[in-house]
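Single chain ahead, written as structure tokens, the form predicted alone.
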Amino acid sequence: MLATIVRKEFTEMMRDGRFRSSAAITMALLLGAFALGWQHYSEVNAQHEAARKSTRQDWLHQGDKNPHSAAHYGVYAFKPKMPLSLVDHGVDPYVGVASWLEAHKQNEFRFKPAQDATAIQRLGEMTGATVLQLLIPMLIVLLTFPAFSSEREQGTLRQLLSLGVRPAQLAWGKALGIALALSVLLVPATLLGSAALALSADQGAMAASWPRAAIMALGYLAYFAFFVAISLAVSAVAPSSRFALVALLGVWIFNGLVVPKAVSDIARLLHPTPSAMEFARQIEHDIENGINGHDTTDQRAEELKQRLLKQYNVDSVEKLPVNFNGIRMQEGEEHGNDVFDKHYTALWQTFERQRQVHELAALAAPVLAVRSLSMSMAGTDFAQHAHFAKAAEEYRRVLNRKMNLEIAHHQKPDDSGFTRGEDFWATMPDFQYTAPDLAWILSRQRLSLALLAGWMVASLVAMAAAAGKMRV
């Protein structure tokens, strides 16, 4: 009997002109979003690779100069694009794509696409994630709301139940039939998306992307199952098809539009962040006056001088076996690193608390859970941006330390023309970044995964319970 119900629902859905037209439109939007994502990923990835090679060559061929000047010359670190970012851009348009690594400064990321976006683009970017999180749930609502209410209004529901069909069996049959019809839309889109993924990524990136893609797909399937089940539950208990449609559109608006915006505002209100100007001012103050506010640059330099004179048992910096300026510059770098660690750690902890607000708010709207999971699998959430930023900053510190110690151990106090050339620049290895593995990512998504599974199970239970209470 269940197979008969599934076949009947699938056949009716495929014959329904509303389904064919709306599915065609949704398919076109989804494929268009995938195509634009693939083009964007391919172009940006190629640009980043070319820029990375160029900045390395610029470093190697910067000419003969003092190592400290080379530290100021600096290098760029470009954040790699993950293949699945063609589906979900996440926070990438807002956090920048490259960091300038130079002496004395931990710079903000540069080249943020959102800064160059037009007014229309700022209203919302059409990505695969947008279609999957908003448009397909709307399609499910529009196709499913009359599933029970329309049959009740037409009198066919009484006939079905009089034949001995159990309400729960009928609900499961309708759910599976609708899911089978949706697979006609989703399976081809998935296959084409997989093809785009295979064409855009190298072999190593692909090997790491398939498990992520599978988890992302399972997350979206659970999200779609929630909308199918909750739509059938509302249709089962609604007094009319019109009421079911209005109620389900209210659920869709609340889930996809109201809650995400409200939660963003609440998160910023509960855990405010300083403005860029205030943040920079705080760092500058601590660098000049010390973290405790009573340890100025001159005081630190004098304390370092006295400590070195005592250590080497000499009475002037000219008699030191090391170059005092090189040691002083490295000491300044270490102090600056402490200041940067203090302020950036506090800033990132604030962002993490904001993320936790979003994660907990998935109790009110499953879209927040699937959005968090989608961005994390795509490698475009803030946690993975911070992971890259920390790796780039560590490279900056190693580079500056190498430059300063070269001065400290090899430049004589009276050698004002001390320089190094390409052979020395080549001893500094190119920046290489290793993205976090899947276990690291999943460890941060446990709550989102649990809430998404909980929403799916709760909606299926609600569907079965509503079917059992149907009035014919």
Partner chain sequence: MLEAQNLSKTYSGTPALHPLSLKIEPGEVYCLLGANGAGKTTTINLFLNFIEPTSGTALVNGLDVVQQPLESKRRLAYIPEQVMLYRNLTGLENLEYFTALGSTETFSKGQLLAFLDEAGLPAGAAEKRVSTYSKGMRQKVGIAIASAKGAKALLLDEPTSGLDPKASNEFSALLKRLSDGGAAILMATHDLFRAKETGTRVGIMKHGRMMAELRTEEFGHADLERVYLEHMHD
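Just so you know, these numbers come straight off a predicted model, no measurement behind them. Residue numbers count along the first chain shown, from 1.
What comes next is about the form predicted together with its partner chain, which does not appear here.
Within 4.5 Å of its partner chain in the model of the complex, a heavy atom is found for every one of Glu151, Gln159 and Leu170. Residues placing heavy atoms within 4.5 Å of its partner chain in the model of the complex fall in a single listed stretch, namely 161-169, out of 307-315, 331-339, 161-169, 217-225. For Pro321, no non-hydrogen atom is located within 4.5 Å of its partner chain in the model of the complex, even though that partner is not displayed.
Although the partner is absent from this view, Lys8 contacts its partner chain in the model of the complex, with a non-hydrogen atom inside 4.5 angstroms. Along 13-29, a non-hydrogen atom within 4.5 Å of its partner chain in the model of the complex is carried by Arg15, Asp16, in order along the sequence.
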